[in-house]
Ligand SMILES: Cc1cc2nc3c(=O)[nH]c(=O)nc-3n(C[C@H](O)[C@H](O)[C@H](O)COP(=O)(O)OP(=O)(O)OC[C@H]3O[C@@H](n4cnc5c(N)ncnc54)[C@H](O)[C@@H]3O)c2cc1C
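Form predicted on its own, single chain, as structure tokens, below.
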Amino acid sequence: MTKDFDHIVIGAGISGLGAAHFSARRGLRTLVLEAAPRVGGCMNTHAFQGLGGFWTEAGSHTCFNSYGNLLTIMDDLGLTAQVQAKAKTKVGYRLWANGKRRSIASALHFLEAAVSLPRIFSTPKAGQRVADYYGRILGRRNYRDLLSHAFKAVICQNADDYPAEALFRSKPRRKDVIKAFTFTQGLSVIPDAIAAEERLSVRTGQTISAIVADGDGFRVIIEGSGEVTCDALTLAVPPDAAARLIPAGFDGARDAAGAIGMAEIETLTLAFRATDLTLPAMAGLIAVDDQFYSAVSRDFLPDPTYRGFAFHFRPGVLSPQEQVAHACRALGVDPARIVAQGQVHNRLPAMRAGHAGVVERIDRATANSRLAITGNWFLGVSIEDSLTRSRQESDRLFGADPTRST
């Protein structure tokens, strides 16, 4: 029987939207279902009400010209020409340690780094823990005093047991695009543009009760809305949600996904009048054994009136009021000077060394099927890692895209 759609994607983060874009450009009837009221997932540009459109990023903060799959999507949508360079004036990160802002160099052991760095050529990365790999190639003291905190700031969780190969991946750069970029309206421009494509159908506020493998396709049962059917299905949700939704017959994939933990992050966004802050322009703060992992500023794209910050707090440690007070202490400003604020709940996968074996089990369980699984918990948490997985799964489901050369 004819299905309602050729392809249904569950989840409208960048992984799911990328999967939907890759199938829609093949001419397939594609539907995206998202539980939240907005698309984008961790790509979340938070616009402060009443501040004339001033925003700060509450999730993903930067895109790079090494993000090849992202750039091809942007090319398709006419977005590449709209990119905005980050920081005409170079801004850098500072450490927040023992209640003081300090330079990055103050925690770096230069001699140890110089002695250890040549080991990068003889130390394998695959299968290693972050603590073991980077402790070897840059030195144990450098890892203890600086790198462990910097990596926590990147992934908003303890990084010691994180798989080293998933943290940073070398990718070719496109020389016709700015190295690090954003947009005048923030990174949410990208997921919003994908969701607005005429060849896609996107429905938000959709809670999926169950997914049933049905002959040569799938039935997706939506809470309070009946069901829709498809020939091919992509799950682009966190691993705990995937473990709940993976249909019967794919038990190996369900068990593997269910073994992956999640890191919860409480993100506080703050806006101030620029004249109320004496803090010099900076990229943000890397916290050393503190209640927050990192703070990222909007100073990379200066506004004449306001300055904005996103503080990524450890979950359940401070109340919302205590978070505000602590963030203002780190910025050296009275909380009374806040002109707008917001709270965002973020989640990231808590991958561990040996994660490649988990992915292999999922891939074996879904091989030769019409079920694809993608997300920021396969190759890594970056935007490009997510899209690389989505493209791989799209090619597996539908064959190589003849319109793409990369």
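We number the residues from 1 along the sequence you see. These figures come from a predicted structure and were not determined experimentally.
If you look for the form predicted together with the named molecule, you will not find it shown, but the lines that follow are about it.
query: Which pick from Thr45, Asn346, Ser66, Thr366 sits with a heavy atom within 4.5 Å of the named molecule in the predicted bound form?
result: None of the other options qualify; the answer is Asn346.
message: I need to confirm a contact call. Of Ile338, Ala356, Ala36, Leu51, which residue comes within 4.5 Å of the named molecule in the predicted bound form, counting heavy atoms only?
response: Looking at Ile338, Ala356, Ala36, Leu51 one by one, just Ala36 meets the 4.5 Å heavy-atom criterion.
- prompt: Just one of 329 to 337, 274 to 282, 98 to 106, 231 to 239 has heavy atoms within 4.5 Å of the named molecule in the predicted bound form; which?
  reply: Stretch with heavy atoms near the partner: 231 to 239.
field: Proximity of Ala372 to the named molecule in the predicted bound form, heavy atoms at 4.5 Å
entry: It does not: once the named molecule is placed as it appears in the predicted bound form, Ala372 has no heavy atom within 4.5 Å of it.
task: Look up in the predicted bound form whether Thr56 has a non-hydrogen atom within 4.5 angstroms of the named molecule, and give yes or no.
output: Judged by the heavy-atom cut-off of 4.5 Å, Thr56 is well away from the named molecule in the predicted bound form.
query: How about Leu397: is it within 4.5 Å of the named molecule in the predicted bound form, going by heavy atoms?
result: No, Leu397 sits far enough from the named molecule in the predicted bound form that none of its heavy atoms falls within 4.5 Å.
message: Under a 4.5 Å heavy atom criterion, is Val177 part of the interface with the named molecule in the predicted bound form?
response: It does not: once the named molecule is placed as it appears in the predicted bound form, Val177 has no heavy atom within 4.5 Å of it.
query: Which residues within 7 to 43 place at least one heavy atom within 4.5 Å of the named molecule in the predicted bound form?
result: Heavy-atom contacts to the named molecule in the predicted bound form: Ile10, Gly11, Ala12, Gly13, Ile14, Ser15, Gly16, Leu33, Glu34, Ala35, Ala36, Gly40, Gly41, Cys42, Met43.
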